[in-house]
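Take a look at this single chain in structure tokens; it is the form predicted alone.
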Amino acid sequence: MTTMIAVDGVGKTFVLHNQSGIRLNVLAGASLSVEAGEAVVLSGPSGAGKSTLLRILYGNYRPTSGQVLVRHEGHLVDLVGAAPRAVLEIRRRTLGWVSQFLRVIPRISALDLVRDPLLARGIGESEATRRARDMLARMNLPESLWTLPPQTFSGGEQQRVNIARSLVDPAPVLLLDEPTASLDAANRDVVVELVEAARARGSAIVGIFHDEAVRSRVATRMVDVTSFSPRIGSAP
């Protein structure tokens, strides 16, 4: 087995400067490892720190303490000490992020959004276009929308574009933040199939799923984040 993520002793404290500098301790001593081909689902009540931990794994939040090692091009790299340019390169080649929200450049078509990650990884334009079209069709997005910017789409349609973009060529490490929220049953099933296929190909997956049926299908292992939450206390 190949370790793709190794989190050791991670803590996170937020300082609320607009509230007299109140310190909010969210995580303390968070440690876990994720192997290639594993799907670790984070569990725990709202406020336990699930989203905070996921954002730390992506490098959006810098932890107050601890290490976050991600295997990038054969080597474990500590995101905490990495230069911003190195973090961006790791995101481009190694880390995939899937959420329920779509943040895109205005006036870029759905097809271009889904195709861009393939082009960035050196796949030829014709093959990238074919794969992007296949993925948009699999996500049940009408072909009439493919050349339009997703800002004009409904929330559910935007979410499907986001998923298509992230899973058209799954990264070695996939971070999933409620990717099936607000999707109907048919599209939830498609997303689950795509996640299962990514895991079968060797992607290491860490995710948050509030849908119990989806969680039970996706997870190879559950991690209760309350054991890392100083505000909630240790899990038994």
Partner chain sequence: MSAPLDSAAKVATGADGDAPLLTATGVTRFYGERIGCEDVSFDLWPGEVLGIVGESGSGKSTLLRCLAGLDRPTSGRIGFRDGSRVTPDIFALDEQRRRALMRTAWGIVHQNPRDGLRMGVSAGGNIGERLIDRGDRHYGNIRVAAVDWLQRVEIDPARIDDRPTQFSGGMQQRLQIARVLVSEPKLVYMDEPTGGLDVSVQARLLDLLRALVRDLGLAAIIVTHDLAVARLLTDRLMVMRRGRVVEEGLTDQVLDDPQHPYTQLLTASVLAA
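Numbering follows the first chain given and starts at 1. Everything quoted here is computed from the prediction, not taken from an experiment.
The form predicted together with its partner chain is left out here; the points below concern that form.
Checked against its partner chain in the predicted bound form, the candidates 98, 141, 135, 90 yield a single residue with a heavy atom inside 4.5 Å, and that residue is 90. Contact annotation: its partner chain lies within 4.5 Å of heavy atoms from the stretch 64-72 in the predicted bound form, the single such stretch among 64-72, 203-211, 35-43, 181-189. Taking non-hydrogen atoms only, residue 59 approaches its partner chain to within 4.5 angstroms in the predicted bound form. Mapping the unseen interface onto this chain, residue 221 falls outside it, with no heavy atom inside 4.5 Å of its partner chain in the predicted bound form. Proximity of residue 157 to its partner chain in the predicted bound form falls outside the 4.5 Å heavy atom cutoff.
For the chain shown alone, residue 55 is a contact residue for its partner chain in the predicted bound form, at least one non-hydrogen atom being within 4.5 angstroms. For the three marked residues, 16, 86 and 107, a heavy atom of each sits within 4.5 Å of its partner chain in the predicted bound form.
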